[in-house]
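Read the single chain below, which is given as structure tokens and is the form predicted alone.
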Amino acid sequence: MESLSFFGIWGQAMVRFWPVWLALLIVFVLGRLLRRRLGLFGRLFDSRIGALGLGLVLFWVFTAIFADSIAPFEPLKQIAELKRALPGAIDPNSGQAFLFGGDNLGRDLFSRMVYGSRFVLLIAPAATLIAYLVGITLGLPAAWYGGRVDDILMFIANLVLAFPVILLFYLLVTPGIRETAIPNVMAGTFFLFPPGFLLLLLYTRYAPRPLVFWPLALLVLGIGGWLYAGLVFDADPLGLVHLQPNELNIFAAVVAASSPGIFRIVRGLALDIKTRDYVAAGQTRNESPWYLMLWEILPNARGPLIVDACLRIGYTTILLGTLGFFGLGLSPESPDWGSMIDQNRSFLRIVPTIVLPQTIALALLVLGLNLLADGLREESLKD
């Protein structure tokens, strides 16, 4: 069987990523030109650490976007002749190479790695965003009102934080639990927070202007109801919103594990910021507590929250890889990086490098997120 040399493999791999290189070039050229207008994110281009982290993260973002153009094969396509194929083996039918080799079902590992970026970059940021909305919505009133409200919410947060994270994930995504209504109830509760937060944001801003508030509120309710029906009940009438098996359970587990930590961060920041003079000035104008929380306290806490979000997405990425490695992620045929490492580790004696591409991909994405967080922290301290 024909195969490519080491340099041929990596040369073709670099060429396959041409849409990513082009997109990165455009972003960095425009970012340098417009950096003064982009505020904190624009200053990342003046930071070596921040620029490197941004480049690594955007590499995988653009890989997920252009996966159909980059991958030479479909992620589920099986070619019997290329089962356990060595890196660089060429498919006799299409002439395309299995750049990183084939698995035990004859699927191209390079293509599966490329498509696997979509799963990571869909679940990790989306689950982190929802966890942030939960943490913000509960953390702000805990700090503002204090007393019994704070005591109850802190007790719940500490209770969840005291529970081992891996055990929590195992309980929520193991087959015996995921077939019950528990993950659906949890996910259904968490998915109420995004539309609720947006409605509260609009109400505190536009309540005196009903002609502006009600159209926007109805738009949020319409879109939110449509997404809620598709995500929680798999009942999207248009058939556009759909989660794969076990994705809802993973969402619920990630949000449940992340929200208490975010709640404590938001609460701590709000306790400090609510003593500032501009908050007191808002109180003298008889602004409502929720207006002050959302439009005075929250914007002034955005720097630390953005930095923490980058780090938390990295932690979530590692958790997703760990779940996949233990067989608790998506279905086995899905191109999940953790699952790929688990499925191919038994072939290490045959091909010692067979799990390196997925492992390096996971490590580079997490490294990029950590460097991006360091760059954001470094630049935010200059404000």
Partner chain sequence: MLMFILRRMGIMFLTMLVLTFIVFTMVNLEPNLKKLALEQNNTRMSQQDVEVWLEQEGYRRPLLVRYGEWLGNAVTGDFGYSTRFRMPVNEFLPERIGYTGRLMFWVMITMVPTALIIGILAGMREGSRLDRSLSFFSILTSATPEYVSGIIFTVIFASWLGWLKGVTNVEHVTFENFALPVMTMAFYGVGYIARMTRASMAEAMTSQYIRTARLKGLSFPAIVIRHALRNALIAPFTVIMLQFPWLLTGVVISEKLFNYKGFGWSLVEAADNNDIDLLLAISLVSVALVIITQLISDIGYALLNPRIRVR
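Just so it is clear, the model here is predicted, and its values are computed rather than measured. Residue numbers count along the first chain shown, from 1.
One more form of this protein exists, namely the form predicted together with the partner chain; it is left out here, but the text below deals with it.
A.B. asks: If the criterion is a non-hydrogen atom within 4.5 angstroms, does every one of F100, L243 and E333 touch the partner chain in the predicted complex?
C.D. replies: Verified in the predicted complex; spot residues all out of contact, no.
A.B. asks: Name the single residue among L200, V149, L171, L271 that comes within 4.5 Å of the partner chain in the predicted complex, judging by heavy atoms.
C.D. replies: It is L171 that has a heavy atom within 4.5 Å of the partner.
A.B. asks: Quick check on this chain: which one of L211, L218, A162, A80 has a heavy atom within 4.5 Å of the partner chain in the predicted complex?
C.D. replies: So the residue touching the partner chain in the predicted complex, by this definition, is A162.
A.B. asks: Mind telling me which stretch in 317-325, 38-46, 24-32, 61-69 gets its heavy atoms within 4.5 Å of the partner chain in the predicted complex?
C.D. replies: Looking at the partner contacts, the answer comes out as 317-325.
A.B. asks: Quick one: is L129 in contact with the partner chain in the predicted complex, heavy atoms, 4.5 Å cut-off?
C.D. replies: Flag for L129 set to no.
A.B. asks: Is Q12 one of the residues lying within 4.5 Å of the partner chain in the predicted complex, judged by heavy atom distances?
C.D. replies: No, Q12 stays farther than 4.5 Å from the partner chain in the predicted complex.
A.B. asks: Though only this chain appears here, would L227 touch the partner chain in the predicted complex if you measure heavy atom gaps against 4.5 Å?
C.D. replies: No, L227 stays farther than 4.5 Å from the partner chain in the predicted complex.
A.B. asks: Taking 4.5 angstroms as the cut-off for heavy atoms, does L238 touch the partner chain in the predicted complex?
C.D. replies: No, no contact at 4.5 Å.
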